[in-house]
Structure formats: structure tokens, C-alpha cells
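In the form predicted alone, a lone chain appears below as C-alpha cells.
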């Protein structure tokens, strides 16, 4: 039996809720964790699981994604017979309409899927930060003889539109539904990552597309629950769904906890990203850095507390950065204070500025702005 896997990734999702962070990029290329992009987690998990045939379906603003992944060399995906294939977002018609949902998107690349020699497909969004061993997931999928294995984790609803799972004692799903309201209660939440037999995926998509259906979860998975062969595979380690500014900030700040970083980065399977060969960070004699993630190439002469600094950030003398995320090539000039803020790439904060958001509503400054 052929138990090899290929993958289909969706580069876009909830750009409207990520607001200023995705004006110039797709969700997959959103910077995360000091030196990574969200797509790095999906690509690394797949490669670590020996999945090297990966199709990425784009939607809009994907030039930054193309620049980041290039030919896939940094993930050992620049291969002759497999590797990364990036697909445009257009439906198969002459009007060049962008696909309306995952069903239409997958339908446009069915030829690519059918011609692949692998028998199983990993279908995933690119807005998930987690360290996943898909070999173990497939082994469970085969053992349970499931039609679809849905990866999930236990968490609170901290954003809108989560797929909530109820399962029986054997782990098979007995109910799926959307939940829109944030809650303090723990739920079993779908990560929108699925393992499914290739032929079955093709059958699902062709049947749904012929009936004008577009939503993969609502129009396929929800209806398959009654057949009783959807299995819930619960991840025990750290996993994050990043689909709006609030979750982006909250999940980024969790990386300041040692335990979370160890679960995500320090396991047997590594997370890879584009190599830039930056110089080491310079810490000036007057600087003060507390509980922060600092990437390469920074020059710090001010105060940085509980913050994440990406590559080549400059914190001038007398500047104070607290509880903030400063993306690549950002500059905070002398005697300025930044708190609960997210500054995109190439943002300059001039002298004597006082900028502050709030824990549940951080302020976002868009790319290339001078404040």
C-alpha cells in the first residue's frame, strides 16, 4: 500500500481581519516569532514528515510569499520531481474570477492532485503555528480507518468563527459546528488541517463543485459527520491559529514563555526559514533588555521589555519599547516610547513620540510609515 503524502496549502485566509498586517502580503507570509513567516511552520512540518510535493494556492498579495519561499531551497524543496508548486487564484473560466472558497480552489488543481503518485493528501491553511509530525497522524488515520482525520487542539475561543468539535470515546467526530463568540470555556477546536485519501478528496470536491458548493468545512465535512468516519486527532503541544490582529499579538507574546518556545522550536523536528546571513545583534552599553526575543542584526541602545524584535531593528538611546512587536528594519528614535504596538517592516518612529495601544487592542502601524 502506498502511504506517501502530498500537500495542498492555502496561502490566504482572513486578510480582512488582519487589517493593516496584510495590506502588502498574504497571511502565509506574515512575519511571526522574530525571524519566521507563518508559512515556515507548514513547510517545515511537511518536510520533516518527508512530504516534498506541496501545492500552494494563492489568492492575493502573494509577491512577498514568492520572494520568501523562492524555489524552496531553505526547506530542501528545490527538487527535480517534486518540490513546491505555486498556483494562481483563478477559477477555470475565461472571466478570470478568483475562487470563492476552498472547494473551487482545489477543483482548479485537481489535475495536479490526480497526477501525483502519493495516495494521501494533507490539506491545510497557512495560518497555523505548530510543530506537527504528520507521519504519526497518518499512522493513526490508517489505524482508525478514518475517511478524514481532522487535527485539533483544546483551547479557548479567542477569535470569531472557530470550528468546534465534539467526539465520542473512540475519537470519532459526532458533531461539527461554527462558534462565533469568544469564550473563557475550553473547546476542542479544529486547526483546519486534514489528512484524507487522494481519491476520496477528488470525489468530495468534484461532487461538491458540480452542485455549486464552495465551503470545504460546511459543505463537505459537516455533511460527512453523519457517516461516522471523521476522526479527531488532538495535538498535545502548542498550536496557534492566527486569523486577526488580536490573535497575532496574543500568540506572539506567548513566545516569550520558555515552555512555549521549547514546544514549538526545540523538539526533534526543527522549524526552517529563509536564510539571510545577518550579523549578530549589538547591545550598547546603555541598553536594557528584559524578557524579549531579539533577532539578528539589531542595534539596541535603549530599553526593550517583553517585546519581539525582528532582524535589523534599531532602538536608539533613551527609547523605550514595551510589550510590542517591531518588524524588520524598524527604527525607534531617541526618547520615544512604544507600548502595546505592532510596527510593520521599515517603520520609523521619530524622536520624542509617545505611542501606546492596549493589551487587548494593540495599535498597528503599517509598512513604510514614518510616525
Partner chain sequence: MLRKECVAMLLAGGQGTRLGVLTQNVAKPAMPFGGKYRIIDFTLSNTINSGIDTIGVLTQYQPFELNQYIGNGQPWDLDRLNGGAFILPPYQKAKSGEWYKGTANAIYQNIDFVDKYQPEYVLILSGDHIYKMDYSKMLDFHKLMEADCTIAVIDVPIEEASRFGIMNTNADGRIYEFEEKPRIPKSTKASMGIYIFTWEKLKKYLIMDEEDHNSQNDFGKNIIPGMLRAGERMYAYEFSGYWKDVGTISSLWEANMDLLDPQSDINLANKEWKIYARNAAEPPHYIGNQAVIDNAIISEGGNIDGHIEKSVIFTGVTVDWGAIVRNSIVMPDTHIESGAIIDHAIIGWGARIGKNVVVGEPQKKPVNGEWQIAVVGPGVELEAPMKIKAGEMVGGKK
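Numbering follows the first chain given and starts at 1. These numbers come from a predicted model, not from an experiment.
Form predicted in complex with the partner chain: not shown, discussed below.
- Contact check for residue 265: a non-hydrogen atom falls within 4.5 Å of the partner chain in the predicted bound form.
- Heavy atoms of residue 284 reach within 4.5 Å of the partner chain in the predicted bound form, making it an interface residue.
- The partner chain is not drawn, but in the predicted bound form it has no heavy atom within 4.5 Å of residue 218.
- Interface residue remark: residue 108 is not counted as part of the site for the partner chain in the predicted bound form, having no heavy atom within 4.5 Å.
- Every residue of the trio 35, 73 and 296 has some heavy atom no more than 4.5 Å from the partner chain in the predicted bound form.
- Between 266-274, 195-203, 218-226, 124-132, the stretch whose residues reach within 4.5 angstroms of the partner chain in the predicted bound form through a non-hydrogen atom is 266-274.
- Checked against the partner chain in the predicted bound form, the candidates 183, 154, 210, 278 yield a single residue with a heavy atom inside 4.5 Å, and that residue is 278.
- A heavy atom within 4.5 Å of the partner chain in the predicted bound form is found for exactly one of 261, 246, 144, 167: 261.
- Of the residues in 236-257, only 256 comes within 4.5 Å of the partner chain in the predicted bound form through at least one heavy atom.
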